[in-house]
Structure formats: C-alpha cells, structure tokens
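Before any questions on binding or motion, here is one chain by itself as structure tokens, the form predicted alone.
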C-alpha cells in the first residue's frame, strides 16, 4: 500500500510541475501588458515596474525565478491590488470557497446516493422516468444558469411572501450558503445519480445478493448491508473529478452570488489580466485538485483490497 501511495504522490508532483509550466507559457503568450492597463505612465515608472516584477529579464530567467518562488510557496504580488500578495488572497478567501465546495459536495453525494437508489428500486416505473428526465436536465444545464434562475425564482418568492425566505446573494450567515451550495452541486448530483443507478442495477443481480435472499435475509438489511454498501464504491472513484467539477464551476457561481471566495478573485484577475494572480491561483487550484484526486485514490485502496491485489499483480 505504501508503494501504491508513493507512486500516486510522485505522479501528482509531476502533474503540478506541468500545470505550473503550462500556465507560465500560456500567460506569456497572451497579448497585452499587465502593468500598463488603461493608465498612462512615464518611461521611468514603467522601467521601475518592469525591474520590480522582473518583466525586463529574458523569458527563461523569468521562468527560473517563477519556479523557484513557487517551490518556496511564494506566488508573488498582485499587479492590480496594491501591496497585496497572492498568498494573502489565497489565505483570506480560499476558506470561503472551501466551505462552499464542501457543502456542494455533500449535497451532490447525498442527493446522488438517494436519487440513484430510488431510480434503481423503481426501475422503468414512473419515479425512475421522472428522476432520469431531471438528471438529464441537471447534467445538460450549466451551474451558473441554475444560479441565475434560482435567484430570479427566490426574488419572486420573497416578494410574494413579503419576507426573506433565503438571501439572494452575499456571504456571512449560514443561510447565505444554502442556495449557492444547491446550485453548485446540482450538476454533480445528476451525474452521481446516473452512476449510482447503474451500480445498483449491477449489484442487484450479484450472486451474494441472491444467496442472501435465499437465506431469508430481510430486504431492508440486504439493501443497506449488501446492495448500498457495494454499489457506493464506484462513486468514491469519481469523487476527485467531482470535486474538480464543483471547484471550477464555483468560479462563476461565486460571482453570481457575490461571494468573496477565491473563484471570484480568479475571474477578476482574468478580466484585469493580473498575471501573478492568474498563475498563482491556477497552480494552487491545480495542486489542490491533484491532492484531492490522490487522496481519493489512496482512500479507495484502503476501502477495496482488490486495488492492492491488482497493483501487486501488475
């Protein structure tokens, strides 16, 4: 198991290295000037800024400095937010995005397990057909569309009832997280529902299920102790990509709901062509997502011993 974990960690380090390199190359290939913007400046001021940020050095020197700073955990200073480092932006705003992401993952996972189990139990009947139509709708529509529609619907409900059922936007109170977490988790919930349904239908005809029925085990015990327990394993394998989908989807959702999370600052950095913030947040998000995928892989290795057997056999 240790060899399995070390192999995944090394692969993750290589992945983060390529993410950092690709981000550096892409940002320097984008046309535009990160220090001029719309403001006029004298040649002396421009020269001082170029010297400060190392923009007057050859590209390979800039890359070496960038990688060296990144290895030390220093992502640089923002071009547009005066006297504020990228590390400070991450420290201040990532916890907000993390809270929203955790809540969205919980909504997606619990909803996917519940609705997937119901569709499998009522296969080819009305509940199954209705839920699968909703699943297709959830997979097809982007999260920011759900965010806008939910805001419009909630605004009308608040007006009709003459009170605030839920806040439409903002952050600070627990109720502020309800609507963003629901809209952010809908797409992943729909995907997990489909996966759970397929897994449940595959497990229901397994030999150990038929044996349990032949022994007279109560159906409710068969469902929770055998069907659900084994059908949920494939969901664990996709938790890493699911977290990635929710995290990247949160960029726009945070902007729609005026949530001061890290995704909102990333969108602003792209709009303002803030090179250091874009590169720093891209590498940070990439490392975070790689870490989550590796953690899920290692966790699955502990849950399912066949993973270790398969790796050792290979």
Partner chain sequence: MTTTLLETTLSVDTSLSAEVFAPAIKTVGVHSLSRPSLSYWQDAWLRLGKNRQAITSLVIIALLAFFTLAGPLLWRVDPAAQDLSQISQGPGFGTSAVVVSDTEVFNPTFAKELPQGTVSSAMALDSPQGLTTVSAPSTVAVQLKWDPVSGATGYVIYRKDIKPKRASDIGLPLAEIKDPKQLSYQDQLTLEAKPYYYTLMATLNGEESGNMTQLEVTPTQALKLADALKVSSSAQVGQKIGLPAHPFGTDYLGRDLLARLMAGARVSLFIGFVAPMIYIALGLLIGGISGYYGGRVDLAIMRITDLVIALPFLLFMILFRIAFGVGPGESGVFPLLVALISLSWTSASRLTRGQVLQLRESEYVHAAKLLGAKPLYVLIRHLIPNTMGVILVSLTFAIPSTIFTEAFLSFIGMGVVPPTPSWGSLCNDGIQTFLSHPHEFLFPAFFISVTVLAFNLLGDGLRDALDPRLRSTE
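Everything numeric in this text was worked out from a predicted model, so none of it was measured. Numbering follows the first chain given and starts at 1.
Omitted here: the form predicted together with its partner chain. The next part is about that form.
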Could you tell me which one of 127, 142, 95, 218 places a heavy atom within 4.5 Å of its partner chain in the model of the complex? 142
Residue within 4.5 Å of its partner chain in the model of the complex by heavy atom, from 123, 84, 229, 91, is 123
Any non-hydrogen atom of residue 176 within 4.5 angstroms of its partner chain in the model of the complex: no
Contact label in the model of the complex: residue 137 to its partner chain, heavy atom within 4.5 Å: yes
So in the model of the complex, does any heavy atom of residue 285 sit within 4.5 Å of its partner chain? yes
Heavy atom to heavy atom, is residue 30 within 4.5 Å of its partner chain in the model of the complex? yes
Thinking of 15, 22 and 152 as one candidate spot, does its partner chain come within 4.5 Å of a heavy atom in every one of them in the model of the complex? yes
Choose from 152 to 160, 67 to 75, 231 to 239, 102 to 110 the stretch whose residues reach within 4.5 Å of its partner chain in the model of the complex, heavy atoms counted. 152 to 160
Suppose contact means any heavy atom within 4.5 Å; which members of 254 to 282 contact its partner chain in the model of the complex? 256, 266, 267, 270, 271, 273, 278, 282
